[in-house]
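So this first bit is one chain, no partners, the form predicted alone, shown in structure tokens.
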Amino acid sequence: MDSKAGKFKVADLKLADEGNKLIEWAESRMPVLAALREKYKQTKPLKGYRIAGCLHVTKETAVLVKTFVDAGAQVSWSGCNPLSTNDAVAAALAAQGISIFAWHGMNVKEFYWCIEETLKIHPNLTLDDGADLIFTIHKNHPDFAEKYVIGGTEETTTGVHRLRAMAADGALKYPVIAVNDAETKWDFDNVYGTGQSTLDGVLRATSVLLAGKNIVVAGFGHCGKGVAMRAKGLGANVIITEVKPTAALKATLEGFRVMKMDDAAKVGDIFITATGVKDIIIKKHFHVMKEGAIVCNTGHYDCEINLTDLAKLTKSKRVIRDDNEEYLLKNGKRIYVLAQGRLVNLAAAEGHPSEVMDMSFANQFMSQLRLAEVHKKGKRLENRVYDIPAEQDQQIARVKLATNGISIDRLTPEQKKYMDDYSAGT
């Protein structure tokens, strides 16, 4: 289907009005991105650049897309997870002329079809959350890296990890900026965004009381830490499972119980995986779980909970409420899986709050701008994964503080001199 200048495929274009209201709400809570839009809408530094994006289609993502368009870019977009698209937001973007291919509930074949559709603009910039777009280019269109693509950005931990592995192998065909690794991204989006939105998804799908429950959080990285903090704040007894000794020690000193999943499986009421690794919960764990245990995932891919193993133990299955499937096991116990094992914070809720995505997406915008500026100078970055500049982190944080009415101190020239004076003693 066509809409103004854009081709699209969405669930229902009639949802556009509802989507516009959601986008307006997000815009009112994303002042950093609003400032960037205001700054660059006249000069249009991205004019002539084509951006293919593969990122959760939420109201916050729509604000980012509109900022790119106002800065002059041509944009083509798809969702980065089959269950994370807000159909009303997708409809609103399509109605505004954005080429978008996304709807809630697509299957795997449709998911990759959508990515292929975005590539028909022959992008020279890519934007990813999970690196499926980058992987598709490398697998199906390796010539694009030479003919068109000058660089890309990656939003999430799992994607950055895999891209660094590609770069180390010499397999990465164009430079990528690791937006995820920005301090103003993973110390806020991953911690506070994931923590709040994950429990929001659990509550929407179950409406259970969290206070007093044994909540098992697999992984104590930034995301797992955020989930554990929020669960603790709601009165839950939090148990952490980990493979990294330092992470397990941090969890212990934060007051959480730490144990192996083999042991946690026997006592947990709610299980939340946040590792980015497959087979965190497998057959032996399902077998010993309590009657009525609730299992969900907040990692990017749906492989952390081995649903194939669960199916082998299952007598019957039914949808008990939205985003909540009841598995009746052959041993008579019931286990509830939320959001089909996909990101519960996006599939069963709305994803991270606008206030934290404001900083993450400001980093996305500025990183895409950086790639374009390098290109305009006739240069090209090496084919590896880059961190964002430290000054960009501080700039974004300073603007965010200012929009919250917060002022902070600055070092005096004498203090700066003292910090660098290695001859100063006691």
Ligand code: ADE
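A residue's number is simply how far along the shown sequence it sits, counting from 1. Keep in mind the model is a prediction, meaning the values are calculated, not measured.
Omitted from view is the form predicted together with adenine (ADE), to which the following refers.
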Consider the chain as shown here, without its partner, and state which of Met357, Leu33, Val65, Ile51 has a heavy atom within 4.5 Å of adenine (ADE) in the predicted bound form.
-> Met357
Which of Leu346, Val227, Ile98, Ala91 has a heavy atom within 4.5 Å of adenine (ADE) in the predicted bound form?
-> Leu346
Can you pick the stretch from 363 to 371, 54 to 62, 377 to 385, 390 to 398 whose heavy atoms fall within 4.5 Å of adenine (ADE) in the predicted bound form?
-> 54 to 62
Does Glu350 reach adenine (ADE) in the predicted bound form if we count a contact as any heavy atom within 4.5 Å?
-> yes
